[in-house]
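Next up is one chain by itself, shown in structure tokens, the form predicted alone.
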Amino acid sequence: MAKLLGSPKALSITILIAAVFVVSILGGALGNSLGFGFLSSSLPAIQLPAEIVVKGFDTPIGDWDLMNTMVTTWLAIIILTLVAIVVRRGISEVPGRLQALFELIMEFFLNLCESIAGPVNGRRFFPLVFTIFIFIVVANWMGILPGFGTVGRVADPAEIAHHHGVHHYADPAEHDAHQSASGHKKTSGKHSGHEDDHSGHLDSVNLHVFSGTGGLAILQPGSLSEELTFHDYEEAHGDVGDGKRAGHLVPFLRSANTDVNMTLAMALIAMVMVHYWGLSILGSITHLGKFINFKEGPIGFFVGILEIISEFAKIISFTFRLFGNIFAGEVLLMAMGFLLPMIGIIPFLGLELFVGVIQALIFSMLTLVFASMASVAHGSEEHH
């Protein structure tokens, strides 16, 4: 304590940290209960399915919706493509920093693949294993950038009600606007277009009030108090103030691996390639003999059935391990930013960077291990 008081610089830093901590507590959702909450915005609506950014593209195979996880997937692909072009154009005998970094990473993975699968098969598996790793890392790390989950469009109350299973909800704002246009007077109470039982489904759902009427919405700090229930929204006939609208934020950007469809697609690609390598290295008879085995009697046949089940279990494990970890991480960041703005998410940003790399390494290494196992016949007799 004496050393702290004797050092003006250390004392100033301590006071600054304490002041930021106090401001963060008072400005967040915890301080909102005390009448403050000047930094906290509403907690974004959390849902497992990816949200629709643009609805109803006409395609030759039918209507197609643009999801926010699709946007981030394409952004990750574009980033990797641009980095590859830059590195490729800058290749020289005397490597620069960027070239040396990528050579180091690629050499590490190539040596790892060769040490696990052997020199020949290791080089065969390397392109897919390394592609999976760098894509997952980039997609995961993009999820902590500013703008993810905080900038998007506004889903109106009718869309929110439909999402909660109320398919015939009539928005009071649209109802009153139609009445005004047709010369009818507004009516009080619930509108005839509402279902009588819809309120029970929507009692726990709050609407956030956004400023502006354009196509872009942002969760602004200090907007936590600007919330209302569906009942209050109906009582106000959809009137939440001039130049304002009520609803939920549908973010334009959401981490690609928080969509179970994305992780399932990668799992299917990995396992299809695993069996392709197994068929091409061992041959169809030897590889399929691991799953359909009549030579060893009932026990061999039963073991083959278990092998088939384990292959489907690998797909499920691949899918939900990555999805669960990344989705949980994003929810944690949202919750901490909601409770403690400014400082709440700082410790967890580093944790998410670490988890992003670990999950990418696990996914890619399991692909390599499964491919190595598929290239070896039962009894550890390799097919040459």
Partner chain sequence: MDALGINLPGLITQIISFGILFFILSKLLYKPLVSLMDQRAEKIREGLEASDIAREQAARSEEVIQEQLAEARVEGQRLVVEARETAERFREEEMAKVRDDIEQERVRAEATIQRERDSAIEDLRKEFAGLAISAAEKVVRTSLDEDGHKDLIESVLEESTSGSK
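Residue numbers count along the first chain shown, from 1. The term rigid core refers to the most C-alpha atoms you can superpose between the two forms while keeping them within 1.5 Å. What you see is a predicted model; the values in this text were computed from it and never measured.
Just so it is clear, the following notes concern the form predicted in complex with its partner chain, a form of the same protein that is not shown.
TODO: Work out which of Gly165, Pro127, Pro298, Gly283 lies within 4.5 Å of its partner chain in the predicted complex, going by heavy atoms.
DONE: Answer to the contact question: Pro127.
Task: in the predicted complex, the residue from Val205, Val87, Leu112, Ala155 that sits within 4.5 Å of its partner chain by heavy atoms - done: Exactly one residue meets the criterion: Val87.
Task: Three-residue site Gln99, Val260 and Met266 fully in contact with its partner chain in the predicted complex at 4.5 Å by heavy atom - done: Each of the three qualifies.
Open item on the list: If we define contact as a non-hydrogen atom of the residue within 4.5 angstroms of the partner, is Gly238 a contact of its partner chain in the predicted complex?
Closed with: No, Gly238 stays farther than 4.5 Å from its partner chain in the predicted complex.
Open item on the list: How about Met70 - does it come within 4.5 Å of its partner chain in the predicted complex, if we only consider non-hydrogen atoms?
Closed with: Flag for Met70 set to yes.
Task: Contact label in the predicted complex: Gly118 to its partner chain, heavy atom within 4.5 Å - done: Result no; Gly118 lies far from its partner chain in the predicted complex.
TODO: Answer for Arg123 alone: is it within 4.5 Å of its partner chain in the predicted complex, judged on heavy atom distances?
DONE: Looking in the predicted complex, residue contacts with its partner chain include Arg123, since a heavy atom lies within 4.5 Å.
Open item on the list: Can you tell me which of 129 to 137, 212 to 220, 285 to 293, 240 to 248 lies within 4.5 Å of its partner chain in the predicted complex, counting heavy atoms only?
Closed with: Looking at the partner contacts, the answer comes out as 129 to 137.
TODO: Go through 80 to 99 residue by residue and record those having a heavy atom within 4.5 Å of its partner chain in the predicted complex; state none if no residue qualifies.
DONE: Residues within 4.5 Å: Leu80, Thr81, Ala84, Ile85, Val87, Arg88, Ile91, Ser92, Glu93, Pro95, Gln99.
Task: Rigid-core frame, C-alpha of Gly350, shift of 2 angstroms or more between this form and the one not shown - done: False for Gly350: its C-alpha shift is below 2 Å.
- [ ] Kindly check if the Cα atom of Pro49 is displaced 2 angstroms or more between this form and the one not shown relative to the superposed rigid core.
- [x] No, the C-alpha position differs by under 2 Å between this form and the one not shown.
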